[in-house]
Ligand SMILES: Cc1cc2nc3c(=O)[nH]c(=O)nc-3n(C[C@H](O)[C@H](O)[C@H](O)COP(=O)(O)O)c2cc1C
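Here you get one chain, nothing else, as structure tokens; it is the form predicted alone.
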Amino acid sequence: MKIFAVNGSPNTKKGMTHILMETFLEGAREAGAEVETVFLQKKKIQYCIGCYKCWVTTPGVCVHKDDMPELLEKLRGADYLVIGTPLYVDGMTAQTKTFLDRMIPLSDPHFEFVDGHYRHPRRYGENPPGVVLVSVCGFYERDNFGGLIDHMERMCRNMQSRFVGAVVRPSSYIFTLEEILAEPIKEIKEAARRAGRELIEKGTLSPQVLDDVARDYLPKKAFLGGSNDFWDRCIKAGKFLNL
């Protein structure tokens, strides 16, 4: 079982996205998966310019000469695509969106009628990989991920891929408080590993394991006071202290 994972955080290994995503992927490896991770920030991926040459002039081949063709080949050989992104303005990062936009060469421009809706057929005919979203945010409430998850579900329907589920962690800066919240962090990480194992062993992500990853550990008032104190310290120091 092959997983191709793309991390769209501009902070690469320094970010909370990496902590959650790598823990999830550890579980997948434990279950026997072959995993390859790419940090999109480190790749040269130009914006889609909407020229449609990959559809009508050089079918399946983009006009840009960058790293994207290599990534598309890795994607085509994967059983699962794991997309990691922090929540930015209720959605994904620019790096993640650019990667997804540039997947258009995998589609054929013609239409077909699928489950009562017009879709583009896949150019190469193989079964598309299942898609897992891994995301973090600094907000307290889990429902902040609603727009991003809806986007991913719609994208998967349009590309005729299976959306497996979303492994999300609100109030993700809890990962930086290991000295005082060691046990809750241990529980969150074990739940993320369990989710990775479930993906490979069952092909699904249970509601229980996703709830365990996203579980509240801090009272709302404590979260509010601690968060504002943290940002006051960042402002005083003139830098973001967690990087």
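From 1 onward, residues are counted along the sequence shown. In this text, all values refer to a predicted model and were calculated from it rather than measured experimentally.
FYI, the form predicted together with this ligand isn't displayed, but the following is about it.
For the candidate set Leu81, Cys137, Leu100, Met159, a heavy atom within 4.5 Å of this ligand in the model of the complex is found for exactly one residue, namely Cys137.
This ligand in the model of the complex comes within 4.5 Å of a heavy atom belonging to Thr17. At a distance threshold of 4.5 angstroms between non-hydrogen atoms, Gly165 is out of contact with this ligand in the model of the complex. None of the heavy atoms of Phe111 is located within 4.5 Å of this ligand in the model of the complex. A residue is said to contact a partner when one of its heavy atoms sits within 4.5 Å of a partner heavy atom; Tyr173 meets this definition for this ligand in the model of the complex.
Checking 150-158, 121-129, 102-110, 89-97 against this ligand in the model of the complex, the stretch whose residues place heavy atoms within 4.5 Å of it is 89-97.
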